[in-house]
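Single chain ahead, by itself, as structure tokens, in the form predicted on its own.
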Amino acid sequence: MDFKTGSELLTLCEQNNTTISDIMCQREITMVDATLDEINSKMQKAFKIMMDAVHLPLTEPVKSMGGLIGGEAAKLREMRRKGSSICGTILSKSITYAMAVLEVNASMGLIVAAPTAGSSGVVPGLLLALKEEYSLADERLIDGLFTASAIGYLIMRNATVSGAEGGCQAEVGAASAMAAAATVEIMGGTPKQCLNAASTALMNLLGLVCDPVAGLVESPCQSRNAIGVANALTCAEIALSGIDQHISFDEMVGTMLSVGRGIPYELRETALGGCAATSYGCEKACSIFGGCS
């Protein structure tokens, strides 16, 4: 059940008349020499950590290590409770939950890197919103996590998920692709539609730079996770409607890597350009770390 490309993954799904999540689960059983129960137990543990990270800042708001973020998720939840949200329930919840996870990460809490710490809010944010909106059983969400894992694995194998190597397109872009594919499978889409959604998600965030203020995974990382879930939801909707993606997932992964290599050094997690180089960014770096004249 091993596969190295999206094309190989689709072939396995077609040959076995099954889903991406099932193929990925079978691959894990083979690769780590474990039983189905053991693999499911590990994914259930990851799922629980994700859900805890979503809820913690909403009940116990925490400040980030750098002091740049903290309390944003609670404000978004309050806006929705007042009926003031302009995004609609599922998108509003997704944004809130994704930003909540970044608060946990930035305060040294426990999260699941999906695929990185800086993009850890996208997958759990969207999945929990789907769970609440459609009253989904945990088992369906865990299937979605296996699908997301397959997408993440392929991006890591054939490109990168490192902001230092490929910019934020490689972090939030990859997370958005993972969440989009997971959403499509959870909502009854085909494996091909899952890869269509993932390809579109990468396309939409192609070229996104990594420019953390003061070099901290706080700002603009938190709001980019919100964009990641919005992008994933949009791409899932497009794919589920039957609209094809002209550029294959495999080609899009290769394109993302090529574009990432072309992003200037200053815009790849060095905090030397972009948002980090604004007057606000420089002032914050000085106030946090000192040493400025």
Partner chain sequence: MAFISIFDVIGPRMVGPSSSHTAGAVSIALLAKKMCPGKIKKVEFVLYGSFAKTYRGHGTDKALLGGILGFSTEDLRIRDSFSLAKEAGIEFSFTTNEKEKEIHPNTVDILMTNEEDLHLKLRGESLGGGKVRIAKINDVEVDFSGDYSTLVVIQEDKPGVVAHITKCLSDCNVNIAFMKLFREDKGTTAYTIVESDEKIPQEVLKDIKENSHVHEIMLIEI
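Residue numbers count along the first chain shown, from 1. On a predicted model such as this, the values are computed, not experimentally measured, just so you know.
Another form exists, predicted in complex with its partner chain; not displayed. Remarks below refer to it.
Each of Met43, Ala106 and Ser149 is positioned with at least one heavy atom within 4.5 Å of its partner chain in the predicted complex.
Although the partner is absent here, Met31 is a contact residue: one of its heavy atoms lies within 4.5 angstroms of its partner chain in the predicted complex. Though the partner is left out of this view, Leu130 does not reach within 4.5 Å of its partner chain in the predicted complex, counting heavy atoms only. Interface residue remark: Arg27 is counted as part of the site for its partner chain in the predicted complex, having a heavy atom within 4.5 Å. Although the partner is absent here, Leu68 sits far enough away that none of its heavy atoms falls within 4.5 Å of its partner chain in the predicted complex.
Looking at 45-53, 251-259, 237-245, 224-232, the stretch with residues near its partner chain in the predicted complex, meaning non-hydrogen atoms within 4.5 angstroms, turns out to be 45-53. Exactly one listed residue, out of Leu141, Val112, Val209, Cys87, brings a non-hydrogen atom to within 4.5 Å of its partner chain in the predicted complex: Val112. For the options Leu205, Val217, Ile186, Leu76, the residue carrying a heavy atom within 4.5 angstroms of its partner chain in the predicted complex is Val217. Shown without its partner, the chain has Met156, Arg157, Met178 in segment 155-180 as residues with a non-hydrogen atom within 4.5 angstroms of its partner chain in the predicted complex.
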